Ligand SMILES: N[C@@H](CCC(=O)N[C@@H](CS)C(=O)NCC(=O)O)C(=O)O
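Okay, here we've got a single chain as structure tokens, the form predicted alone, with questions on binding and movement later.
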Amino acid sequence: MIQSNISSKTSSAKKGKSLPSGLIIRTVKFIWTTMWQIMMSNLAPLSKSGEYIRPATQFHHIIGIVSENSYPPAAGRYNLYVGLGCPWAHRTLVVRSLKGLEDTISVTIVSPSRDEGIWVMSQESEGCRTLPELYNLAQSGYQGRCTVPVLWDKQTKKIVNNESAEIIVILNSQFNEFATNPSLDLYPEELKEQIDTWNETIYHAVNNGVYRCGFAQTQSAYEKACEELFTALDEIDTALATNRYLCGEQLTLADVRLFTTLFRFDVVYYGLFKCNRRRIQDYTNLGAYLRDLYQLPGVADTCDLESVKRDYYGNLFPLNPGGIIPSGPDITNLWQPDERGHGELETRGWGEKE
């Protein structure tokens, strides 16, 4: 009798520790996959083949010579709305810092809300608590995507531009009379063709390429994006074997556009976005190039590792349902010498305001 009871208890214990039945596993998998596809379709629009398609931005005004589609340069008139985890917004902070425009263009920080799925202000701005409210203030009834960065005109209460690639061109050239580094030209006329060529490659294969890997919804779409990403990184690594920067010895907007993706690569894209063939720090030239850029005056101050981890791991629910944020990595290695034989910054135009 005692032996029978022991056997019964042992059997029950084993049952309690067993895995769910095949039916339960298949049912849960079907439900989760269906919900994942619904959430991903809202988070990341896709093509018929499952490839991520980045929606276009909608505000493309300029600052410069006054015309119907432009705003005049002025100190204190414009504000940048940025998310510290966002690589596209990060570009604008890097150029703002390199040009010395901190006293000319103010900044408002926004953070993604995990529950609301929108950007929320760190503090109320223009009477708005969220970025959608700001977009609606600028254009009543606005129905499009509310993204960062936003270059905002405080005087007219309008969005000047929300395309990062255009905003950094504006910051590079249109506020020189107020900048502390006015002669630093990150988009010089003689290099524009070369810069644009690099930008085209980098945007498709690297900047957007990591998202095409992470947001792919079919194996074939992922493998295509991953192959293009690492082919481009190999090409860049080779080019940097003989050049300090992408276009030679001069820092340009092409470097800025690449930097913000490289900074996030080993921290986020390598694991969360499945870009795990190789880390940036494992590349002979790319790893040193990243350290070189990170150590340029003012650049490290624009890099917020904790915000990057929180915004990606904590808010991209379809990719990380548990919301657990990793404790690492340690990025103090970015302060190590770049080992490429470069001393102080040699970029033309770097210096005090004339």
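One-based numbering along the sequence shown. Keep in mind the model is a prediction, meaning the values are calculated, not measured.
What comes next is about the form predicted together with the named molecule, which does not appear here.
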| property | result |
| --- | --- |
| All of 214, 266 and 308 with a heavy atom within 4.5 Å of the named molecule in the predicted complex | no |
| Contact label in the predicted complex: residue 236 to the named molecule, heavy atom within 4.5 Å | no |
| is_contact(residue 145, the named molecule) in the predicted complex, heavy atom dist at most 4.5 Å | yes |
| Partner contact for residue 57 in the predicted complex: the named molecule, 4.5 angstroms, heavy atom | yes |
| The named molecule contact at residue 151 in the predicted complex, heavy atom, 4.5 Å | no |
| Stretch in contact in the predicted complex with the named molecule, which is absent here, among 275 to 283, 189 to 197, 120 to 128, 87 to 95 (heavy atoms within 4.5 Å) | 87 to 95 |
| Selected contact from 227, 163, 102, 133, since only one has a non-hydrogen atom within 4.5 angstroms of the named molecule in the predicted complex | 163 |
| Residues of stretch 285 to 315 in contact with the named molecule in the predicted complex (4.5 Å, non-hydrogen atom) | none |
